[in-house]
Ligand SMILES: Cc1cc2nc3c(=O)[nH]c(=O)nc-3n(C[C@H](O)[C@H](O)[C@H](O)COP(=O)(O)OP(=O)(O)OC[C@H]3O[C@@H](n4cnc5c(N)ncnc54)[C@H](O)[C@@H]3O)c2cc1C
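Single chain ahead, by itself, as structure tokens, in the form predicted alone.
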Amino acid sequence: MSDPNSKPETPNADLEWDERGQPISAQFGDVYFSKDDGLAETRHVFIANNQLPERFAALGARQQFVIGETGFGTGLNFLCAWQLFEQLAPAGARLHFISVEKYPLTRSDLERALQLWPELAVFSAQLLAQYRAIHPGFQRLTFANGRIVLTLLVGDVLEQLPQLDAQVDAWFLDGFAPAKNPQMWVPELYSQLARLSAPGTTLGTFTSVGYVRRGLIDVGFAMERTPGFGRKREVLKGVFNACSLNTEKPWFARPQTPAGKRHALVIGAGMAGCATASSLAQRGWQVTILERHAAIAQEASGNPQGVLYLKLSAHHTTLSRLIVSGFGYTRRLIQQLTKGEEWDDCGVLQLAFDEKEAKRQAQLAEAFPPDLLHVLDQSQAQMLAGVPLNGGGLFYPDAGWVHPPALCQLLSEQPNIRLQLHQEVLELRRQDGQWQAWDQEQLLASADVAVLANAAQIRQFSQSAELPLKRIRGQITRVPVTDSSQALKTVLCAEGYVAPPRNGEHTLGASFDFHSDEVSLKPAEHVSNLDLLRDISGELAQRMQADQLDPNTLQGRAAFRCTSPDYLPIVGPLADAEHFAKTYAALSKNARKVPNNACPWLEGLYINSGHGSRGLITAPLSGELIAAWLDNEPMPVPADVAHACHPNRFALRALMRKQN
């Protein structure tokens, strides 16, 4: 199998356009859809042959339907399925559409292609609005307040599908013809389709090639030829009649969601808590957020400007892939805010402050597509930044800054979210199938499910006391804008950062203090932030009159980041620590022997924490990950990324370290 972390050969589709304005793939020398009538072809080959009209209409009010597709292309199949779902499915049902695409269209090409179908314009417009930051890996897009979820797997199908954790109800086996794209139509693909299917999963495909039909039969699909569309005499449809093998390790298996009234407690109203509450509320959960402060976003999520900064590795590490997926999700999410006041896609420029950093940036530019990041020389960087700089750097054109409290407010403003302020939870108890949140003597709230999203305070609860979370103090500095400093047009980063003006101020930051528990502002850290500004641009520091600023009177903010030892967030269901160690004690003697024992879950207890300085990028997508765990939905990230963020990873490592 290919390396799942390898870089795509080219980031986007290379298109040619025929005389009727229809796209043709230059990479494969093939059409994206029938030249006769692409819309009718989709409805025949994929919609009708998967019996979707009948199946959508038969869904229950809380049921979900999952479609898997190879070859997103112009999005025509997705838009047709969405249109039909809106017409026939009940109001509370949800559609998950998962599509793999090696060469996604650019936004401009997608817009041009979708103009061919004005009858889909209401759906096309929404897709185009969300079609931003479509970078390699898993990219989640949500529509209709979460009723429609599109997860794009950007990359080679044989690299992406093995990382998908989902159960598919219907397959659209699309993609270019086997004669044009033989590397896709191989036994490894059919095995993945079988792994992700269940008895009764259906399949439709435009091809009728014999070796494709035989390959699908070999993995458990009952296939039949059926009349084709237009000039094509036959196509294939099928039903999966076998049982897929579950190879999930028990400590990463999905726990049963408590069978109750779908009520959830979320403890903490920062970015992680508000994002989790939002994802659950979109799925029909009644959510109560308990927050100890007088308002939301009072801790690390309360800074005036947070930077969407992607700290990546050229080796495509687990953390890097999480960051790319999380960045895309947050970038699409913040478009609902007021641009200029609550967010701005002004870009982020990471300066190459020495040779080592310049070399690292060059490696990153080789490892990622240019629409995610690219290198600028000094002249280009200065022109883009609007201020003099000492050198060039790495530019992230889709990034920028956001006002985190505004994003928290957006996430928490849903009809089935209830926010309870001045509620400090000191103890969790499990009684009569409910999680109860207590202060010293009073029951504050109870629900079937509880999600701990209150940063490092999570360790005060007995159920999560063993998690290795640590606090890091950070202080930002607010500096008034001057006539000349307002020329700054993009976020500049080196060891620190400075953002363009918001409400007449620049934000500078940020300090890192692993030892202090103080929340009061420290003049010495203001001085340090001003020194970081000088390192970024001495000219900009002069424009901001840094030498005349009194660190004793400067405004700013101090808060505590919460991070884990491996710098990955901690997201997922919690197990009973003592029973976990006993259940999997055999791992301390042989880490390769997987005991076939069910994990001792703490039923209905989850965590979303440990995001460190990356909370804007990783916390919102982690809310979707929590919802996927609870509602048995397709995961929004690759399986190995979900496992790497799982709370059980620390207990597993502790057991394996004890090997003789």
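In this text, residue numbers run from 1 along the sequence as written. What you are looking at is a predicted structure, and each value in this text was computed from that prediction instead of being measured.
This protein has a second form, the form predicted in complex with the ligand, left out of what is shown; the following refers to that one.
Stretch 294-302 is the answer when you ask which of 226-234, 294-302, 538-546, 212-220 has residues with heavy atoms within 4.5 Å of the ligand in the predicted complex. Although the partner is absent here, G615 is a contact residue: one of its heavy atoms lies within 4.5 angstroms of the ligand in the predicted complex.
Though the partner is left out of this view, G572 does not reach within 4.5 Å of the ligand in the predicted complex, counting heavy atoms only. Although the partner is absent from this view, F560 contacts the ligand in the predicted complex, with a non-hydrogen atom inside 4.5 angstroms.
The ligand is not drawn, but in the predicted complex it has no heavy atom within 4.5 Å of S485.
A heavy atom within 4.5 Å of the ligand in the predicted complex is found for exactly one of S124, Q457, Q163, T207: Q457. Between the ligand and the residues L150, I476, L587, A133, the one pair within 4.5 Å by heavy atoms in the predicted complex involves I476.
Applying a 4.5 Å heavy atom cutoff to the ligand in the predicted complex picks out Q423, E424 from 408-424, in order along the sequence.
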